[in-house]
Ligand SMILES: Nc1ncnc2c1ncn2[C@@H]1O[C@H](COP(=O)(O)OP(=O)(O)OP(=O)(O)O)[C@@H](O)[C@H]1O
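Only one chain is included here, represented as structure tokens and corresponding to the form predicted alone.
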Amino acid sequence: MDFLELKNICKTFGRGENEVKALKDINIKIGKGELIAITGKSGCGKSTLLNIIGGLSLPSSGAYIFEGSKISSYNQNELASFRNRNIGFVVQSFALINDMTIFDNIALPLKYAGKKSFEINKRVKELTDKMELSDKTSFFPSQLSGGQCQRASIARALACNPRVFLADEPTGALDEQTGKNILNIFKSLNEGGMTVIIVTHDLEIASMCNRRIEMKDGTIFNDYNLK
């Protein structure tokens, strides 16, 4: 059994003359512990694909299988539970809640998961220590640098020990050195056994991965191992 499999996935937005086919018959198998880059021009379907893998969006047709479970048949409550238990997600804009402290941002998925206060405090401390943010827990996102915000968003994504870590242009808003530091975090997560999938325009980032999936016009144009 494959860890994660997409079978004939299609995603359509709009209707009639306004219909846009964002994904067309996508077939992918992903094993545990892979480090994958998804590349391609803007509008080729990279983020749409990542959103389906992350359970943020359902395909219009086709099947998404995760460890034998058909995620594409889930209702919204089941999808939310799936995401909370299995998926960590970071994006270019960080997506932190501006009127919440860094502590509360990181604690949020743990609260959704029904964790007790002492468990939340322990896990947030572990993550902020790991991300070198232990002195920033009472700060708000607007008080942090871009790199610190991205590390906070990574900590939040890791809060519930996800099986799969997804990153959508995670270094796009960062300077080169800070971006490299963030990528080193992803590589470390992967070396620890986590499946990591990164959407990127940056071919240097793609070259750091073990596998590259190239997309074009909503299809898989190329899929090959790099190492």
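All residue numbers refer to positions in the sequence shown, first residue = 1. For clarity, every value in this text was computed on a predicted model and none was experimentally measured.
Omitted from view is the form predicted in complex with this ligand, to which the following refers.
* Which one, H201, K180, K29, K32, lies within 4.5 Å of this ligand in the predicted complex by heavy atoms? -> After the contact test, the surviving option is H201.
* Asked: Which residue, I213, I9, I205, A22, has a heavy atom that falls within 4.5 Å of this ligand in the predicted complex?
  -> Going through each option in turn, the one that passes is A22.
* Which one, 45-53, 156-164, 187-195, 60-68, holds residues whose non-hydrogen atoms are within 4.5 Å of this ligand in the predicted complex? -> This holds for exactly one stretch, 45-53.
* Using a 4.5 Å cut-off on heavy atoms, what residues in 163-192 are near this ligand in the predicted complex? -> Only E169 sits within 4.5 Å of the partner.
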